[in-house]
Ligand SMILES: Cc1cc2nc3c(=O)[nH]c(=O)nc-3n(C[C@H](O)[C@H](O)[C@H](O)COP(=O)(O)O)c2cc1C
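Okay, here we've got a single chain as structure tokens, the form predicted on its own, with questions on binding and movement later.
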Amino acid sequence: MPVEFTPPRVAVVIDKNTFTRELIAASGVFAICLPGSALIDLTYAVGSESGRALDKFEHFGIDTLVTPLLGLPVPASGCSAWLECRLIPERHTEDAYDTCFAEVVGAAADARIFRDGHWLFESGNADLQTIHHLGGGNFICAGSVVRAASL
């Protein structure tokens, strides 16, 4: 969730009992990836396993690229966008609500779905339209757009 635009900051909920949270606390950095609909099965599989038990990139055969500013691994294809983030320590919200705040220090998006500051939802980019997990392996896709009329 965006929190501020200048400087760009986000809030993200990450369970305190997860390996992801442990890694972020130790390094102070993380990437947020926005998978497209082509990655629904992989997203669910990766999210259903713990990184404590296996190397997810290796186990699932995920090809990666390294982000330019923080050197974080992100999927090389199938994501609409990714954000490089630096943790802003806020112990109370992290402990009480599992909510972490971060400054976005870098970002990239696939021009087939995000261009000139706007998301493009078209039939030709359905594989890149972002997915949103509803629980239990159920997802919705962000491809159905309704534009508001000027009043």
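One-based numbering along the sequence shown. Quick caveat, the model's predicted, so the values are computed rather than measured.
A second form of this protein, the form predicted together with this ligand, is not displayed here; the remarks below concern that form.
Stretch 51-59 is the contacting one of 51-59, 101-109, 78-86, 122-130, since its residues have non-hydrogen atoms within 4.5 Å of this ligand in the predicted bound form. Put simply, V13 is close to this ligand in the predicted bound form: some heavy atom of it is within 4.5 Å. Although the partner is absent here, G28 is not a contact residue: none of its heavy atoms lies within 4.5 angstroms of this ligand in the predicted bound form. Looking at G47, you'd find a heavy atom of it within 4.5 angstroms of this ligand in the predicted bound form.
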